[in-house]
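First comes one chain, alone, set out as structure tokens in the form predicted alone.
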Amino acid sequence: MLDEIEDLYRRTAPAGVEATSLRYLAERAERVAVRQGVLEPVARSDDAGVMVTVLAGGGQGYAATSDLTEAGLRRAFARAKGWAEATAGRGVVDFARVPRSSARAEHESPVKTPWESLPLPAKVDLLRAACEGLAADPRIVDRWAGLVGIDTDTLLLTSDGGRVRQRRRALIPQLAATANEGAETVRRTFGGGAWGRLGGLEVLEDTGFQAAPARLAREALELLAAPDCPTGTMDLLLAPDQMILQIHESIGHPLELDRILGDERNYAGTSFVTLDMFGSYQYGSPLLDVTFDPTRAEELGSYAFDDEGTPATREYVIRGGVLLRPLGGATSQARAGVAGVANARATSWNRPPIDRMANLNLEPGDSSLAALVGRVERGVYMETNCSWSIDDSRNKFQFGCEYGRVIEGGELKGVVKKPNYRGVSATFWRNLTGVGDGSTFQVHGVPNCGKGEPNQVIRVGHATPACLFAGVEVFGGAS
């Protein structure tokens, strides 16, 4: 199919324009799930199409089609050319100034055991065993286990001679146990559904999927008998599976350059970050080091080139707590006049690339979990996000977690349920007082990050250690 697409591109791209490109995407996905030991309907999807782009007179236009015939591509290019001519001289950026890609490369994410190598009956048996592992007690009233395998193939062709072909295969394992006793109902999940990684069936071993059901069932029962989280201003120790959402919402989204420029205001909001902050603003304490790193192979947002053909490189966006650069691709960089990263990404063939997170990681420090706990006289340890709310400038926030434990006198004490905390991004990260070492470091993924008009849901990776914060407003009960 890729050879056919290349041949069609050469035959249908219009002449007499400054530049053209074609981005082909084919994605196949399979979802298998078991609830209470009963197989749910298996869902499969197979989608393919192209986005074509034309640069003419300084204007840029694009059009998408799933009609992968010569006639279909000619119609798409004609629409894209028409939009380019109509927008020439009227855009917020001169697209002729945006660097164009001439990269030629192939990249494939590493896979040890392909998802498709396991027959469907064996996948069902695996999930039934996981579901059975959640059935530790009659008070576990709902049990669910699921797997989603995704295979994505992309090809980017440009009139500057570029040809970038990439294949990424991902697996997203999911588990959930709901316990009830009287009027009390609690839920415990496998990383909040955020254990997705690139790879094949080896992801199950890498994430501890097989061992997780017994732990989740035990912790759900502990929560049934636990008191509510205490309320007050105290130290807060966050596990990696909660840290990922803290990073995602209060670092990742505020640093998206198109959001800073106002493009997301109508839908997903703006940002408290402004262009003059880069290079000087103290975003967090000196312990805060955050990297944008699409090159980390196992993370869900890994790639070698973004969807505009910019080579992906590891870059510090925050170092020593100081804000260094935004998450903005080539178009936003040209518009704002600042250096960014290779993060122009599209959810599918029928959406244009926009500024998105890829892998956004908080680099490990030098403290073990025991050492972090040992510093706390009074505080709470929290795991696994279950609710979130953040204002439209990505500043004030409130998060709820599934599972908590009180910390007193430098020791982990009893379990508490419904733990919540709130803060302000502009000050919260400056209260970072401890960063876990490699022994606390975990790789997670967010498979459903939404942004853009029309909406784009994209997969993002986050890797982080456990982190300790001082002076946080903590409270119990429903968030």
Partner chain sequence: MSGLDAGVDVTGQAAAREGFEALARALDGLLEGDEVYLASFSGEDSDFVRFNRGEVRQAGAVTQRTLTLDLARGRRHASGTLTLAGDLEVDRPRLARLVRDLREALGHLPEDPYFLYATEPRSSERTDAGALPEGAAAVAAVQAAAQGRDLVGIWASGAIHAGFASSLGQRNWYSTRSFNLDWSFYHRADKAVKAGYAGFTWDEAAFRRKVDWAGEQLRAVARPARTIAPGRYRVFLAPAAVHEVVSILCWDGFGLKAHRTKQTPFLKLVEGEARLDPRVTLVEHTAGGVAPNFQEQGFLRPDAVPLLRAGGYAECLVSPRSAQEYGVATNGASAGEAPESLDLAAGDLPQAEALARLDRGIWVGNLWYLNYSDRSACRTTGMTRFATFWVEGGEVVAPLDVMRFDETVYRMLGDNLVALTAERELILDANTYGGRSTSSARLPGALVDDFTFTL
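None of the values given here were measured: they were computed from a predicted structure. Positions refer to the first chain, counted from 1.
Not pictured, yet referred to below: the form predicted in complex with the partner chain.
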Just one of Gln282, Gln210, Ser389, Thr233 has a heavy atom within 4.5 Å of the partner chain in the predicted complex. Which one?
Ser389
With the partner absent here, would Pro138, Asp206 and Thr313 each sit within 4.5 Å of the partner chain in the predicted complex, counting heavy atoms only?
no
Look up in the predicted complex whether Arg430 has a non-hydrogen atom within 4.5 angstroms of the partner chain, and give yes or no.
no
Within a 4.5 Å heavy atom cut-off, is Gln456 in contact with the partner chain in the predicted complex?
yes
Within 4.5 Å, heavy atoms only: does Leu412 come near the partner chain in the predicted complex?
no
Just to confirm, Pro173 within 4.5 Å of the partner chain in the predicted complex by heavy atoms?
no
I need the one stretch from 165-173, 357-365, 233-241, 138-146 whose residues put non-hydrogen atoms within 4.5 angstroms of the partner chain in the predicted complex.
138-146
At 4.5 Å, heavy atom to heavy atom, what parts of 99-121 sit next to the partner chain in the predicted complex? List them in sequence order, or say none.
Leu120, Pro121
